[in-house]
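In structure tokens, one chain follows: the form predicted on its own.
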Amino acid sequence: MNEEQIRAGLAEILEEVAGIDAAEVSEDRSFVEDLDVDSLLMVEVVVAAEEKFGVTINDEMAAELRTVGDAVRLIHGAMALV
């Protein structure tokens, strides 16, 4: 799976979990400042991403995620280790 496919998958998750239009999700968008994803929603996004992509994202990793691009790169890297 390439990074664009992961971004599209995250956009689907954000649409389902947070009601964010998938068309608004790009790699440079901040979860907090641009997409209004609070800490509770972020936990739901991380859990959904773990299930969708078959990776593990620990709490420390999740706390470092600022943008959609950060999440895409983290998931892509984690998938390479599986």
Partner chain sequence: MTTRSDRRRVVITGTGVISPIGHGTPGFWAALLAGTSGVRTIAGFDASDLPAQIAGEVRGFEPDVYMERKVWRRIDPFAQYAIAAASEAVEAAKIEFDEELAARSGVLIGSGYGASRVNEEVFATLRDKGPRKIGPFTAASSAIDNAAGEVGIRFGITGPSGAISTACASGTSSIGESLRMIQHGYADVMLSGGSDDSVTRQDIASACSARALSTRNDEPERASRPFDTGRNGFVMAAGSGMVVLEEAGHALARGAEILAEVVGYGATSDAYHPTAPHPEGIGARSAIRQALADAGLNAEDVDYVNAHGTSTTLNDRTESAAIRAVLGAHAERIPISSTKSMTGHMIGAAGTVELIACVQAIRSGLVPPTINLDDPEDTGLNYVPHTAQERDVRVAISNSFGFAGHNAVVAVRRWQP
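For clarity, every value in this text was computed on a predicted model and none was experimentally measured. Residue numbers count along the first chain shown, from 1.
Heads up, the form predicted in complex with its partner chain isn't pictured, but that's what we're talking about next.
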Decide if the three candidate residues Val32, Ala63 and Val68 all line its partner chain in the model of the complex, where lining means a heavy atom within 4.5 Å.
-> no
Is Asp28 one of the residues lying within 4.5 Å of its partner chain in the model of the complex, judged by heavy atom distances?
-> no
Do Glu24 and its partner chain come within 4.5 Å of each other in the model of the complex, heavy atoms counted?
-> no
Sequence-ordered list of residues in 1-35 near its partner chain in the model of the complex, where near means a heavy atom within 4.5 Å = Glu16, Val17, Ala18, Gly19
